[in-house]
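One chain comes next, on its own, written as structure tokens: the form predicted alone.
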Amino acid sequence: MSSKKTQSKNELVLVTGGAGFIGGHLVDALLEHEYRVRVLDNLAPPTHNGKLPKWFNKEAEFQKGDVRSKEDWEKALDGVSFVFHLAAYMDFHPDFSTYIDTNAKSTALLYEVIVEKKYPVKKIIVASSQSVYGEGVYSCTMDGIVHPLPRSEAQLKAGEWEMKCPIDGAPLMPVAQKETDRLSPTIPYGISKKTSEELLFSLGRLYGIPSVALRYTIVHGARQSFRHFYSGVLRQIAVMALAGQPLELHEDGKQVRDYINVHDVVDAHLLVLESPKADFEAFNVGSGRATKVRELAEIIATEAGIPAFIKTSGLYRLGAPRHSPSDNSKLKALGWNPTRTIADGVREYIAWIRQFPEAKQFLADTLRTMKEKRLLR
């Protein structure tokens, strides 16, 4: 991707969630590209401990605040030319209303404040997710393309992991998710992200504010929080590996996922910021490579320098898709190309997490809580 800037220098960019994993890397890149940066973040647990992380770029202006607060938005948006709205509530927690309050309401507040205050914002880019696709699209040998419902708890309890055709019960093959696919989220997080996208595009077009949605796959790399492990299999397996524990995988470890390096994700943000061709479009941000969870575990073991003692005990999450490959051709046509390998991201994360031996206890606490709340069964 070219590093040539198409925007004027020194314009102010707001990054919500800019003290987090992806946001922190984005802040660094924006500053390198000569933007001024303001960060809005509440530093709340479990991701944070109420304090700015040591790696936070001190060249950025920091505002402690909440994206659910209209007053905080009013203050944060003053003088801003571009907005990256990354702050979100995620995963499988059962406090369902919080997803809508944080992820959907915050997007509505963002546009509401801009319109009311007549702030001259030039573009808004919102972090979305592959979870908007739900279980996704599959192919049946006899019946062609199908959109199956999520697996039932009875099926998962029986250890019947693969998807079955809803018409004839035959095995299904996953099809890489495309931006034109039907959006059928199956968990509150995905529903909130779909709603956020609908607000983004409807209000963006209505008020003439170029708006973009980036649907992340599984982003990995250094700085992912070690204080919770509700998502991101890399975090769990890496900490298990460094602690000398068996690498325990959910289901049978043959689930297909798309893992994308955080630096490639940041490149995508810069591209859509500076390209008018991205306006009012949604893009998958993934590597385009389908990788089994077991394969990722083997890479982690290699990079950690330990034997790959992989264990599958039949644990599962209700509502988790069986497979979620991603098609990234739309974003690549815009000029983006992911260049980092899975091993690159694993290597970066392992080097980073070695600094925090307390991560082992955080993992144990998280797994215990997930089982108690039946988030993991």
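The first residue of the sequence shown is number 1, and the count goes up from there. The shown structure was predicted, so the numbers you read here are calculated from the model rather than taken from an experiment.
Keep in mind that the form predicted in complex with a small molecule is not shown, yet the notes after this line are about it.
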| query | finding |
| --- | --- |
| Position in contact with the small molecule when the complex is considered in the predicted bound form, options Tyr216, Tyr138, Phe82, Tyr111, heavy atoms within 4.5 Å | Tyr216 |
| The small molecule: the contacting residue among Ile209, Ala87, Val239, Met163 in the predicted bound form [heavy atom, 4.5 Å] | Ala87 |
| Per-stretch contact check against the small molecule in the predicted bound form, the hit in 46 to 54, 325 to 333, 341 to 349, 310 to 318 (non-hydrogen atom, 4.5 angstroms) | 46 to 54 |
| is_contact(Arg36, the small molecule) in the predicted bound form, heavy atom dist at most 4.5 Å | no |
| Exercise: Thr107 in contact with the small molecule in the predicted bound form, heavy atom 4.5 Å | no |
| Non-hydrogen atom contact Arg68 with the small molecule in the predicted bound form at 4.5 angstroms | yes |
| Distance check, Ser196 to the small molecule in the predicted bound form, heavy atom within 4.5 Å | no |
